[in-house]
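The chain below stands alone and is given as structure tokens, in the form predicted alone.
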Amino acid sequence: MSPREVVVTGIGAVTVAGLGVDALWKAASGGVSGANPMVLPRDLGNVIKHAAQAPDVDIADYLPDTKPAYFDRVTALALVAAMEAVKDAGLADAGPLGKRTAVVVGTGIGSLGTIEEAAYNLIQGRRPDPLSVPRAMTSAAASHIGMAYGCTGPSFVISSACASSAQALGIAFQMLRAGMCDRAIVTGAEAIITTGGMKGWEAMRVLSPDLCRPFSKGRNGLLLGEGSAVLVLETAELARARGARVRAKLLGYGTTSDAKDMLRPDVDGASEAMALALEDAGIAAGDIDYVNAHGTATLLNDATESEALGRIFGNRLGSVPVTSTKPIHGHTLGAAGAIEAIVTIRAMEEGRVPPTINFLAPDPNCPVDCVPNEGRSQSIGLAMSNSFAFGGINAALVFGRAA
């Protein structure tokens, strides 16, 4: 039996750009930087003063009957994005979605705010909050989304650093194709902008002290971000049966592990993940019209990804738009794959390639067409989105335009 076709029927997001997918796309297509002064609960002398910090979300504003004390910030961001995506899919009033609907969440760190606050209270000699455990569970977002929509099918979390939500999309895609479920609410969520979180990333010396400049000469590090994005995946058969609007097709997924180094990216692993995604989609590299790159703006990542893309596209590399939107929404770690998947889908819908902002000058080690500083109108029928994580975990997704 041939695999079932999988489509995207709903999308939702909460990012530094604001609440909703429209805000995210307006920022991405217009090249609006997400670098803003941070607001942290405690000042411990953080050197880096800016990040792509998502707006505060009070879950009681959305669900008055719920208990906010059960919600870490990351869970609240996830649920608000899920509410937009489910509504966008036309399922807000559908009642319990039942046992054929899965919930799959991708997050790199999860409830860091709750964990950090509990540690601080212990150091101060104060009693931990009695709800610290249910709030801090990595699976809390999956459980809350499932309870909100009566999803009694598979529910779990993928945690693979910066590849988390790309792998969550890939695993959900495989589950739908295999007949394990008919629908999946797939979420990427991260809330890393805390005092300790920022200090930890500062210590690695990978954060830019000024501006994130992917693929550019003079790039000096990434912009840390936070937020959530949700995609509702369904079998094409189910979407047709209920008359749903299809926003995009999910066509292929490839994933690999470098098994070499915790921090240094590897050309072989990255290129193989892309090759597997293309093979899974049944298309050639020459069919791809746009690549949303991992593009973190670190020296090694961008050069390695450029070399890997060169292996895939060969002589065509310089003519394929390869952009990074991370200076706009930040590097949201486990949420990156889902956020960038939504940007990719909107790019296909609008026929517009978002720019790579803050670009200064070409780097010979990054010979890609990164669409510097200004977006470009272009028909996009097929697109690829890359996510490459610390620990050598790689994922690539291939999307097709709905019609």
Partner chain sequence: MTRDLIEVIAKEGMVDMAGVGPDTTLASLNIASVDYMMILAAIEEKFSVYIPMDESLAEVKDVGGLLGVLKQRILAEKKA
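In this text the structure is predicted, and so the values were computed from the model without any measurement. Numbering follows the first chain given and starts at 1.
Note that the form predicted together with its partner chain isn't included here; everything after this is about it.
Its partner chain in the model of the complex comes within 4.5 Å of no heavy atom belonging to Arg135. The closest heavy atom approach of Lys217 to its partner chain in the model of the complex falls within 4.5 Å.
With a 4.5 Å cutoff on heavy atoms, Ala203 counts as touching its partner chain in the model of the complex.
Although the partner is absent here, Val47 is a contact residue: one of its heavy atoms lies within 4.5 angstroms of its partner chain in the model of the complex. Shown without its partner, this chain lists Arg126, Lys99, Arg264, Lys87 as candidates; in the model of the complex, only Arg264 has a non-hydrogen atom within 4.5 angstroms of its partner chain. Exactly one listed residue, out of Gly282, Gly179, Pro209, Gly150, brings a non-hydrogen atom to within 4.5 Å of its partner chain in the model of the complex: Pro209. In short, of 218-226, 322-330, 287-295, 159-167 it is 218-226 that has heavy atoms within 4.5 Å of its partner chain in the model of the complex.
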